[in-house]
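Coming up is one lone chain in structure tokens, specifically the form predicted on its own.
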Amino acid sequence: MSPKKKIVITIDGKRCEGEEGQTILQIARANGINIPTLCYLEGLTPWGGCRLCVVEVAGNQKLVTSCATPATDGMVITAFSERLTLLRKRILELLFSEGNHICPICPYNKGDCTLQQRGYEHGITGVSYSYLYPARPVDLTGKYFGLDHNRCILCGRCVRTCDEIEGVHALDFGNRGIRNQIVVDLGKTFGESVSCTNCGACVANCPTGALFDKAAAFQAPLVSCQKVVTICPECPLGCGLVVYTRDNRIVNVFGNKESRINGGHLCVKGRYWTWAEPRNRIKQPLVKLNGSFEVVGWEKAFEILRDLYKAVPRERRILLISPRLSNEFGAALREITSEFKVVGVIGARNEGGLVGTAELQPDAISFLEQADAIVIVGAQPVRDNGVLAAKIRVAVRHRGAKLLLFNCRRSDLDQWANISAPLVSVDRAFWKNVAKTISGVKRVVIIYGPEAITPIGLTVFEKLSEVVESSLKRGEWVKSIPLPRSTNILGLASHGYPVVDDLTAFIEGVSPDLVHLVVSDEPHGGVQWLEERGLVDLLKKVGAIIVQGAYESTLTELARVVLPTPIWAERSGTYTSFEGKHLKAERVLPLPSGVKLEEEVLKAIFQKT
């Protein structure tokens, strides 16, 4: 690709260099000139709706929006003048007067509101227009966030974010004139919406308090918080997080714009599961005595645990660990593996086969963003990997990429798919249609998940690879990308721990008398593991169950001893992403009193130093 032509423009007498294709605003900001905006957001299609960024261009009698006007070589621009300042003040006054922007009772009255900041910058202490005091609705039906139409300035950032970043277009403009407002699913509430994914990107990009996180409302201003850059613990993508904390608690979580994986975007898991879900935390060791739990100190807990272990021979003990634990935990665990018959990492169904056969793609995200055909086999990105699902939607809806789904559960991706086949036919006509669909494509990505590693799934995958490769010409490519479901399954498996993806069959085969489960901070306390048919009855027959976990659940209720563990924000370490890269997670919060690291507890039980 040839380099873009360099251009030079003049802004308020300053010589500014840029590239052909850049807007006036982009060149201005790159040269340290901060033209005020409200509706503009980097990464979204510029709209020019708020008019706050208007500038004067020599030779043009009209004012132009700097965010949407391409710069041309030799342009002479006035960005700040008495006329422009007065115009911007009038625009802000109109925005303040037409809504109910009562800052003292706004959840964003903490220095994080862009509209409030622009008001301060322009010296607005009152408005010269009559207040309309509209009676607009407030939608609090969403699980994680609310929408207060009284504070909305109709900048459209949420609409464009939902369409261009998350790819679902759940939000849009509705009604006309003074009744114009943001609508969800053409007139529903967030609670009724069938298309909203709860990713929260609209909230993160709202410049006022119109869209707000319920858990963050009236909390500390972000400028007064500590900021930690880390990675998301919820799936193997390894999305970047920016976590704001104060007084040893999380105030809010946003995507890291510098991350090459997610570029600042998050799914509902990263944005809200990480901190905004109410859970009952375990903070002290618990021992079941006479059918009910009693709090004990660590010394007493270790004494009881050692007695339990002494009563059960090594060949009757098993240790099962959560796939959310770090590579460092996996390395430390080697010191005590000899104390158990089996040490395994719990995976999703068929994930063991996927991990055992996966050939990782270090540039998987780059290939996905270039692909003109995306094929998904036996994976559930909408459910498990929301940011990846967003990239797929955007590729299909905005870039025109073709989408083919095989052996996948129904999701919103089906409505965009060229072929959707939950059950794949072996009929020749079916595969002829597949070949016809992908004919003419040059860059194909095949994303395959655990459900592709079944007899039927493997047959489909082999046939599909054959059809795709036969349709490509020289210089064109196909890339296969394995997509595990569990966070660090690849990293822990690389330490030699077998993946246990059928707990019921595994426990039936081993018949242990002692099961030690390191549940860690599984979002639902490991309850999803108990969904396997017959597993609860099997566990009830085990002589002793020990659970190390952060949250109370029906799994901890089955235990004889429960030991508190850190949550993701209270530990550091490295995790192996689906691309095979080792990503560093930083500690966000201090370890609470009474909570110990998982590996520290395991070593202490067996008195390992």
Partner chain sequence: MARKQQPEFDIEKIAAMAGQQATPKKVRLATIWLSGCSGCHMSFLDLDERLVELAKMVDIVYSPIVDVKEIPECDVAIVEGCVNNNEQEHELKLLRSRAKFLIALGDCAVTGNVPAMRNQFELRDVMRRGFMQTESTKRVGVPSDPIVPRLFPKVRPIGEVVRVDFYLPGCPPDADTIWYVITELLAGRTPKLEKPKLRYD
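Note that the structure is predicted; figures quoted are calculated from it, not measured. Positions refer to the first chain, counted from 1.
Same protein, other form: the form predicted together with its partner chain, not shown, and the subject of what follows.
Asker: Counting only heavy atoms and a 4.5 Å cutoff, which of 408-416, 478-486, 110-118, 450-458 contacts its partner chain in the model of the complex?
Answerer: Only one stretch qualifies here: 110-118.
Asker: Between the options I178, L186, V194, A135, which residue brings a heavy atom to within 4.5 Å of its partner chain in the model of the complex?
Answerer: None of the others qualify; the residue that does is A135.
Asker: Here the chain is shown alone; which of G496, P362, G123, P422 has a heavy atom within 4.5 Å of its partner chain in the model of the complex?
Answerer: Only one listed residue qualifies here, and that residue is G123.
Asker: Even though its partner chain is not shown here, does it sit in the model of the complex so that F96, P104 and Y131 each have a heavy atom within 4.5 Å?
Answerer: Checking in the model of the complex: F96, P104 and Y131 are all within 4.5 Å of its partner chain.
Asker: With the partner left out here, check for me: in the model of the complex, does some heavy atom of T437 sit within 4.5 Å of its partner chain?
Answerer: T437: no contact with its partner chain in the model of the complex.
Asker: Taking heavy atoms only, is N150 within 4.5 angstroms of its partner chain in the model of the complex?
Answerer: Yes, N150 is a contact residue.
Asker: Using a 4.5 Å heavy atom cut-off, state whether N100 contacts its partner chain in the model of the complex.
Answerer: Yes - in the model of the complex, heavy atoms of N100 and its partner chain come within 4.5 Å of each other.
Asker: Does any residue in 274-309 get within 4.5 Å of its partner chain in the model of the complex, counting heavy atoms only, and if so which ones?
Answerer: None of them.
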